[in-house]
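Below, in structure tokens: the form predicted on its own, a single chain.
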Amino acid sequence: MSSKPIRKAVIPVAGLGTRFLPVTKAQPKEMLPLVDKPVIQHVVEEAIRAGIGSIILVTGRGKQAIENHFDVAYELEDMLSRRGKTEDLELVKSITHLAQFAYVRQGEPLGLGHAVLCAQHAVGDEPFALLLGDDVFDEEDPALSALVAAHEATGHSVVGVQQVPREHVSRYGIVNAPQPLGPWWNVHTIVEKPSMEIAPSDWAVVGRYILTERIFEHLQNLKPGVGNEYQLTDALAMLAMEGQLTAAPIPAKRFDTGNKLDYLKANVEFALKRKDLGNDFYEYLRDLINARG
């Protein structure tokens, strides 16, 4: 089935990050580092690896640090140039040239569906990727690109899914199980944070989507739900009823960086993969574990 190419990605970053207080009192949670690179940059680079060149960030109050991170830093670049720090200078410049960046303001915290709707005029009438910043995937395996392949084959909107422990289904949007398991399957049921007893499966939506422009029509007609928020899952359920929603498993390992323990695990694993840090860090961890018995 022919489909339009995915040229744009929407990344909502307007959340307050209350799970990481007090560090997020004056700093966006998306700027928390995985070793020496902020979480948001990992998400942006994932979109770029999937062939996307235009990034739309849905921001809110207090998020200027994100815009500054991807902007030109004249004073810093001048200082690095004058001091002959060529490698650092090229690193700083490369961040600015990762992609084309646009910023849209979400004035009120009215939910993920509302955040996506805020980006409509920047997206236009074409399919787009949606990446949630809390979920970061191992860079060695495909994540978003697996959804792009499913969209190109079906022309549908696509949700990225992974199996989770049955006792964790109440934390996620859950879709029906595949029959049988394949590279992707049609979604006819999607439920937001169901109890373990009524969940249709243990396949959870994990923060990666390819959405057609049809999603905006459903979002515009939504009524606010729990917490007076507009739920993206409600609009996705309408796509499922129309036979226009596909689930694609993501093979890459996922880290929920909005969770403190997972955030710490991500830092350890990303550090161990670094050529400049991995061996020394491994030896430190080994000695620390041995010392603790």
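Everything numeric here is computed off the predicted structure, so don't read it as measured data. One rule holds for the numbers: they count along the sequence shown, beginning at 1.
Although it is not shown, the form predicted in complex with ligand UTP is what the next lines describe.
Proximity to ligand UTP in the predicted bound form, single hit among 205, 132, 219, 146 (heavy atom within 4.5 Å): Here the answer is residue option 132.
Single option in 150, 112, 123, 199 placed near ligand UTP in the predicted bound form, where near means a heavy atom within 4.5 Å: Contact with ligand UTP in the predicted bound form is made by 112 alone.
Proximity to ligand UTP in the predicted bound form (heavy atom, within 4.5 Å), stretch among 263-271, 24-32, 236-244, 45-53: Going through the listed ranges, the match is 24-32.
Heavy atom of residue 16 within 4.5 Å of ligand UTP in the predicted bound form: Looking in the predicted bound form, residue contacts with ligand UTP include residue 16, since a heavy atom lies within 4.5 Å.
Exercise: residue 212 in contact with ligand UTP in the predicted bound form, heavy atom 4.5 Å: No, residue 212 sits far enough from ligand UTP in the predicted bound form that none of its heavy atoms falls within 4.5 Å.
Residue 106, heavy atom within 4.5 angstroms of ligand UTP in the predicted bound form: The answer is yes: residue 106 has a heavy atom within 4.5 Å of ligand UTP.
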